[in-house]
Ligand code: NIG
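Just the one chain here, laid out as structure tokens, in the form predicted alone.
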């Protein structure tokens, strides 16, 4: 039998009829229904709409309602989708945080053996079982903030055995986590060059050994590269991405974080699904992305905050019809937060995105950014019942009340995965 959420003050559906990521003015439409109703059963949404539509649906389908949730004074919206994370890792880099506060740059810390290479050492000496145990605990923090879908990257192994170990752990967590979260694995072997290889040797290893083995075992959906000075050049990035594409991996790209060196051109040449970071993105590259229409700009304002660097030009991107998504980039070196609500607040204050643009950026556009828009990202019939209930009558209050997490209930595929007890919400028989 079905579950009904009724009397929803703000039902934020984020519905999308174009078949493409929302961009420009479309990104300001959240598909709001006031006094809305939502029905789901066996993990799927059956109905999303107003009261008159509900009556017609029940009459024509003869559905029995097992449980009802009275959401008077509440906001209901899709589960948040975090499309860029590095949540599988071991060790801590808290000492590097202090070094940055004292004035050291990201590049200077890396040159002294810190940064990615520091986490590499910890990951290599940690068993797969222990790495899974450490990383899986972090999911609770994602869920408490409303995240129901996560992308997870490798990139701290940097040799065939340990990159495969990381991806195996990501896949195991995806299959076994107690919340039933969807977790999308990304191969990021080209995160840095490990000390035991020359760059040429390492790129050959990625292209001739890692990618074929990972693709054969279907350990990753996406392939990513850190295209940046002192990491991977545009030509090297092109070779790695194009090899991944030949083996069926979908390309993404870290680019324009500290320097603009031509990464956007390489992303577009390889039909990258997303370009991520973009803190120093140039206007000419914004225009190129605009002409593409499909490549999503995934912005990571938590990194700008944590590293005290410039914020991505969200307004310019949206004004030029580039679809925008938001993500935490949770990782040990440049953004230690699993809380996507914090990212939403930063997007508002520091990037001047509207509440509507932000909501779409963590729901329907984020669904496109993990190539799962047919299943998640909006509250529409036929999609997964990934549903959040907030103790606010208006969805704008979620961003207005920064650092105040008022998430009351979260469902993943119709399963209750989070419940904050409150006398003001009536949940019967769940």
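Owing to the predicted nature of the structure, the values given are computational and were not obtained by experimental measurement. Numbering follows the first chain given and starts at 1.
Unshown form predicted together with N-(iminomethyl)-L-glutamic acid (NIG); subsequent notes refer to it.
Judged by heavy atoms within 4.5 Å of N-(iminomethyl)-L-glutamic acid (NIG) in the predicted complex, the contact stretch among the candidates 324 to 332, 236 to 244, 288 to 296, 97 to 105 is 324 to 332. Relative to N-(iminomethyl)-L-glutamic acid (NIG) in the predicted complex, residues 84, 93 and 116 are all within 4.5 Å by at least one heavy atom. Proximity of residue 156 to N-(iminomethyl)-L-glutamic acid (NIG) in the predicted complex: non-hydrogen atoms within 4.5 Å are present.
The closest heavy atom approach of residue 179 to N-(iminomethyl)-L-glutamic acid (NIG) in the predicted complex falls outside 4.5 Å.
In the predicted complex, N-(iminomethyl)-L-glutamic acid (NIG) lies within 4.5 Å of some heavy atom of residue 257. Proximity of residue 226 to N-(iminomethyl)-L-glutamic acid (NIG) in the predicted complex: non-hydrogen atoms within 4.5 Å are present.
Residues are counted as partner-facing when one of their heavy atoms sits within 4.5 Å of N-(iminomethyl)-L-glutamic acid (NIG) in the predicted complex; in 175 to 198 only 191 qualifies.
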